[in-house]
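There is one chain below, alone, in structure tokens, taken in the form predicted on its own.
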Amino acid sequence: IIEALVNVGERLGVSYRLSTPVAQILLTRDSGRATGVLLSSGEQLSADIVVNNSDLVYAYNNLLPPSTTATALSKRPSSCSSISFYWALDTQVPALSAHNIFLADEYRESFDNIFKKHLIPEQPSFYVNVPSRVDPTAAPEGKDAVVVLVPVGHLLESGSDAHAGSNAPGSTSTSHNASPASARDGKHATPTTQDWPGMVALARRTVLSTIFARTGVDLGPHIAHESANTPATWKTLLNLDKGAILGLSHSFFNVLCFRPPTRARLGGRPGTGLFDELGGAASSIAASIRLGGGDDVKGLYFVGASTHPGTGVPICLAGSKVTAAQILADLGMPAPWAAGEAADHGVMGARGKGGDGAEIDAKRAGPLLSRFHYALLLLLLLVLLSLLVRTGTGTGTGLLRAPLAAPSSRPALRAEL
């Protein structure tokens, strides 16, 4: 797919500058428009349009000025990370097909360790790809190339390589020593390990032993060359926030209208927003409202896993089409593919309901606030109310505390929230 996209670009006169890191996205003084990029070498490239394909959270926090948007995005749940192995084998392994999935016996517990506790599970489920099965050029004749992806929890913080570690017996992790307060509040355990060589070795042993147990093939002696990536290297090499390989998670408040938009919106400076200190669902709702309103940074757009519509190669390609259409619309230019799609919809509509099919994609003007927005605002109000109530009862001066009248024959009753 990458090669095909590059070839299309080159046919259209696109010039690719590889190994050219970007240090900053340049904006006008009022941050209202993108004007280009500043390279790490100090060179400035001017541009009418800037499309960012780096990790969204990284871009807002490192390539753009500090903003409440960047702060809010940093608090959103991230997807998992991985320990990935790349093996060159000195032989072919017929027992492995092109795509192989090995589920842990206790797969629910394994997934909970990854997605809820952000650990490296004792019995991981993992995926094994043998690209040489479908592409003979991926390995020399008579040999195999193997890629192993072991999902693990992401890093605990954006600015650190600390990880919750593993719950496997004998591992170096001490993540179970988290304070009761941390467990009660649902926060991560205290950062416990940066021993990535130890974690990689543990994952390697587990993968090899599982493959041997289920296929009878001992891959270890046949590994002629090996390289590996960890959450820490994903963060360093590809600027993935917390080493999350799929960007922001696809939890409820990170999909559909809650997904960050493809047009850049900065908001105010950190510390100036009403919702800056909120966490969890309240933070996601507040961030969605903030990202959904305000002025766009003209000329700056996003593509990739963390922006709308979501992660995965097909979804990211669909998202890039959405972004391209937005750019053309902002420039007052029609999308070249629009006529063909309208014709296709017309054919489909004629076959189905006898119409032209165009109504499916028609955009209709509506009220400023729809029923969904009213429901969203109501939910946000309830969340804020619960936070105020919880704060009041925690300090012993409840904001909602009403004594109830009671008959004199009974003890007085008091209801507290």
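Note that residue numbering begins at 1 and tracks the sequence as displayed. Keep in mind the model is a prediction, meaning the values are calculated, not measured.
There is also a form predicted together with a small molecule; it is not shown, and the following applies to it.
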Original post:
in the predicted complex, which of 242-250, 88-96, 213-221, 327-335 comes within 4.5 Å of the small molecule (heavy atoms)?
Top reply: 242-250
Original post:
Would the small molecule be touched by all three of L238, G304 and C316 in the predicted complex, meaning a heavy atom each within 4.5 Å?
Top reply: yes
Subject >> Proximity of G312 to the small molecule in the predicted complex, heavy atoms at 4.5 Å >> reply: yes
Original post:
Is P21 close enough to the small molecule in the predicted complex to count, meaning some heavy atom within 4.5 Å?
Top reply: yes
Original post:
Do S54 and the small molecule come within 4.5 Å of each other in the predicted complex, heavy atoms counted?
Top reply: yes
Original post:
Is there a heavy atom of A201 lying 4.5 Å or less from a heavy atom of the small molecule in the predicted complex?
Top reply: no
**OP:** Heavy atom within 4.5 Å of the small molecule in the predicted complex: which of V255, L149, V322, L103 fits that? Just give me the one.
**Re:** L149
Subject >> Position in contact with the small molecule when the complex is considered in the predicted complex, options L376, L27, L63, V383, heavy atoms within 4.5 Å >> reply: L63
